[in-house]
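Below you will find one chain, with nothing else, as structure tokens; this is the form predicted alone, and questions on how it binds or moves follow later.
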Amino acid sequence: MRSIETDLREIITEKDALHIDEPMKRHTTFGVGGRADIFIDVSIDELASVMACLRRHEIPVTVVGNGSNLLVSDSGIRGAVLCIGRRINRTEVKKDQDNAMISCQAGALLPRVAMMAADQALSGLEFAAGIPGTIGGAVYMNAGAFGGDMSEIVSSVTTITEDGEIKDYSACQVGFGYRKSIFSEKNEIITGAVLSLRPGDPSEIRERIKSICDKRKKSQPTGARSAGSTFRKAGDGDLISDLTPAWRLIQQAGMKDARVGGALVSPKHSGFVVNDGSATAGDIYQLICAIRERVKEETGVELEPEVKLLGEF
């Protein structure tokens, strides 16, 4: 029987795009995580063939983007990790008299697309200029910050099914809510999205981007190893104004100085768990669990992680 590596190397054209026994700490902003059996930095043209090959060999698949919202366990990930990143990141601006669109492949980074929009005098994506994620990940979880989110600008989304079928979704079919979309319930990979923006003054757009990035630097641990906000806001419904910030509940529960090993609650923002450089994924996970338990005891509220857990904990 031919090996899975042999078959994959016949499909994947770039030598450095396929890695065996790859440390996931290289691919997450937390900087932790064990090894993936197979790691593939896949291209859009290879995607269907790679998935068919993995299915034929009965290899489980995990999909990641920029790793900015992930906690990978110290035991790693069994099977194959498909990275929708640098080889699926093309963007194209489309303008006419009535419409202003940016067509993005799923691996395009949000800050890069936000600056491209600014260069083209297109407004609406300023909120995303400091979010270190990809378009695909942002659509998947309806990423947002500083009063804006993806639901406000997504016009359509393209996916590929495990059988290689290409599917298109209009904005109204995506089921956006607070940090969610229908794709968390579908076995499909987001490959691209079209963003609907509006004309604006380039200098004003850049000024808004600068203001948002300055606010982020002042209020969040942007220089630390983290995965962004560790917990979702708490409460029922999709209106953010009706939800309670996690940091407030964490402080109320007396956990603002909590630490486990090299993982700690950020002194700058209690909603962030950060890695001081020596943390393991186990440290981070144990701290997340301790925070959830204490908040539940002290406030009656059960915090839900915004960070996605991969592997066994």
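Note that the structure is a prediction, hence the values are computed from the model and not measured. One rule holds for the numbers: they count along the sequence shown, beginning at 1.
Omitted here: the form predicted together with a small molecule. The next part is about that form.
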Any idea which of 51-59, 277-285, 64-72, 33-41 reaches within 4.5 Å of the small molecule in the predicted bound form, heavy atoms considered? 64-72
Is Lys180 part of the interface with the small molecule in the predicted bound form - any heavy atom within 4.5 Å? no
Does Glu152 reach the small molecule in the predicted bound form if we count a contact as any heavy atom within 4.5 Å? no
Considering non-hydrogen atoms and a 4.5 Å limit, does the small molecule approach Ala143 in the predicted bound form? yes
Indicate whether the small molecule has at least one heavy atom within 4.5 Å of a heavy atom of Arg216 in the predicted bound form. yes
In the predicted bound form, which of the listed residues (Gly124, Gly228, Gly76, Gly200) lies with a heavy atom within 4.5 Å of the small molecule? Gly228
Taking 4.5 Å between heavy atoms as the contact cutoff, choose which of Ala117, Ile190, Cys104, Ala80 touches the small molecule in the predicted bound form. Ile190
